[in-house]
Ligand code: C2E
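Shown next as structure tokens: one chain only, the form predicted alone.
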Amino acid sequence: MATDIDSLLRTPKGYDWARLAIQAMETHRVWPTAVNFELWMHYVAAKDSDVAVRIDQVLQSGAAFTDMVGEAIAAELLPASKLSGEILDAGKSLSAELDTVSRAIESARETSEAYGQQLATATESLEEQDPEAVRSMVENLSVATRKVREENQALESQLADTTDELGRLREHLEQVRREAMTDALTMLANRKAFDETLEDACAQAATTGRPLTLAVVDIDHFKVFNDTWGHQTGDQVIRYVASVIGRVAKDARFAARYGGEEFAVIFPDEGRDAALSALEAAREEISSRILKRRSTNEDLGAITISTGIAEFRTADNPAALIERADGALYVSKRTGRNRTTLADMNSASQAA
């Protein structure tokens, strides 16, 4: 099971999980390096994850959990480490292909130079008008011409193969890039993708004067729900809300998992009224459905969301826009939840 540790640390229980991870590392005499911390966060917060299972195997074997052991587990199972490895592998493949092409081009160049020298020698032989020399020269030119033709054919074949391989490498790197920008649990964009997209959107809005709106969404009472039903059921709820939020992000809109149980939607070229209409429809859809626990079919009750919406101002940067949207979200929370609040306004739209 994939676990987004970065999102987990952004929840109210993030500090508790971090303390538990540090305590576990201290108990097992593991140095608190960045890699080890992420591994042991998986161990304490996601006991059924592949990482936790692998750590248990090491502990049960009685072997010391060294930095080398940790790095090996991270390289195999942690998304960031696997991503770095894939990029490195793709880079090595690209370098190897370019080296091969360089060697083929150099070989063809050397063959062409030799052919040029033979042509020069042939010219001199013709001037001598020695029949035997002419015959020998013709034979040499025939051999040289055949060799140049073969070298050029080999080069053309190598260039064709390299073009195909570079195409495959581009596709692979694009897939890796998409995975690096995608939240594994919800398949929405992740926080990194959100930060980059919002920065670009703010710069575009500042330049063109076109509207831009940001909405931040939070699942109400998620901590209590998660503590009551467990993380797997909590993940089920997050995925459900994400699926509804994802449908809001049609056309040029952009939806992301902002962290933990929070989401964000960017509305380029749209004002706050359009965002309000879209998020109100999402809120009503989410609150109208009674979810069931997948493993036992128990009723989980209704899930509700609170939302804050802010429209871009000329002087805004991404941090300022997020701050105003967050402020509106907190108004929704303080005034009863299950509602949407517009930044810089005193009214909120709520369920009947």
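These figures come from a predicted structure and were not determined experimentally. From 1 onward, residues are counted along the sequence shown.
Unshown form predicted in complex with the ligand; subsequent notes refer to it.
Fill in: in the predicted bound form, segment of 260 to 268, 189 to 197, 213 to 221, 240 to 248 with a heavy atom within 4.5 Å of the ligand
Of the stretches listed, the one contacting the partner is 240 to 248.
Worksheet item: Which one, 59, 53, 69, 291, lies within 4.5 Å of the ligand in the predicted bound form by heavy atoms?
Response: Here the answer is residue option 291.
Worksheet entry | Contact flag, residue 226 vs the ligand in the predicted bound form, heavy atom cut 4.5 Å | Close contact is absent here: in the predicted bound form, residue 226 is far from the ligand, nothing within 4.5 Å, heavy atoms only.
Worksheet item: At the 4.5 Å heavy atom threshold, is residue 182 in contact with the ligand in the predicted bound form?
Response: Residue 182: no, not in contact with the ligand in the predicted bound form.
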